[in-house]
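Below you will find one chain, with nothing else, as structure tokens; this is the form predicted on its own, and questions on how it binds or moves follow later.
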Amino acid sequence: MSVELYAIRKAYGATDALKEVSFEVAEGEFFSILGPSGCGKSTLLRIVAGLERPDSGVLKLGGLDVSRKAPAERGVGLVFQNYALFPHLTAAGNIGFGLKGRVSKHELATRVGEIAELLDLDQALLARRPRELSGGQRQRVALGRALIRKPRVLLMDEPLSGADALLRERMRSDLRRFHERAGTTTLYVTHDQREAMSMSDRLVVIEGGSVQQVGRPIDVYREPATAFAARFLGSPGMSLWPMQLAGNGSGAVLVGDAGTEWPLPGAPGRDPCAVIVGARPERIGLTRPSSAACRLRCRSATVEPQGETAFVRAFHGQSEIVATTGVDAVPGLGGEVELWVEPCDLHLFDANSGRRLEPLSTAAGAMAASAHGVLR
């Protein structure tokens, strides 16, 4: 079942939790709602579930306006952050709890068996109580309890937040596999961009109750619509620093501290304006790749080994810059370092609005497209 939100607004007193939020989720899609704590993503999920009502706007499920309908009339299933399993019931009892007394015992047993098969829960696990289950098994039981009612939309509110790193990695894979089996439209709330990137067909990035961008994870990564989306998506996120965009006799140029000038090939001159310049860590290096490369003089450099690769973290002015390099390339790195980035690997954002700047010229846009996102 599709999910459509149009100009959803929700306020608590003088605080706007959601500001004119609009996006659509296709039937059968795994769609993540991504953002930091307090951005409004859980409030949005509760509105879809019917646990909260929007102050204004329209919510449609399967094309029908359900903005004022009760939760039981919406056909949605909800998996909570803490699973909320009944400790005195077995796994089978927890899964079938929502149908107990509503269907025959035979049908209930059949439905529990179908869900257990879908979620790889054997009879021994079904007989255990929550305290006898691992974190991953409890998560599957909570998912089964939501799925047994055959919801048309499955809502998940940060269900992996309590798991350790190794368990989270395994459970991400499990959830994606379960979604492919069940095919249920899924809205998944998370603050973890790894979860959103690895599991989602599409995602929405939310900050301060406002939509920053909607799209496929790889598209948002390559062409972030705002400086916030650029910084939030990625591990580490995009490095950002302030500069001035101006023009000289031969075209556009980026001007930094101490008179640093970076020519932008193919881009016409324009009136000076403040911009935020960004580059992904994998596009920033310790060696000069070409004569056109831009140099970032940085200080306070530190190295974080990550196995065969390493993150070099340093400061350019007040901005932290992160470069990804081979771990063997930085054995003698000191406190000062020169980092390099090609002009075609730069992203530009308006300093006031944070919105991505449009291509400065056809030539610049073509160069950007060939390099997955430059000056766009």
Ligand SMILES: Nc1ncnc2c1ncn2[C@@H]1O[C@H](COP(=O)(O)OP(=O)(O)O)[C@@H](O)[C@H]1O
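Bear in mind that the values here come from a model prediction, so they are computed numbers and not experimental data. All residue numbers are counted from 1 along the displayed sequence.
Beyond the structure shown, there is the form predicted together with the ligand, which is absent from this document and is the topic of what follows.
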- prompt: Though only this chain appears here, would G326 touch the ligand in the predicted bound form if you measure heavy atom gaps against 4.5 Å?
  reply: no
- request: Decide whether G40 counts as a contact residue for the ligand in the predicted bound form under a heavy atom distance cut-off of 4.5 Å.
  value: yes
field: Any non-hydrogen atom of P36 within 4.5 angstroms of the ligand in the predicted bound form
entry: yes
query: Just to confirm, A17 within 4.5 Å of the ligand in the predicted bound form by heavy atoms?
result: yes
task: From the candidate stretches 342-350, 309-317, 24-32, 41-49, select the single one in contact with the ligand in the predicted bound form, where contact means a heavy atom within 4.5 Å.
output: 41-49
query: Heavy atom within 4.5 Å of the ligand in the predicted bound form: which residues of 184-207 qualify?
result: none
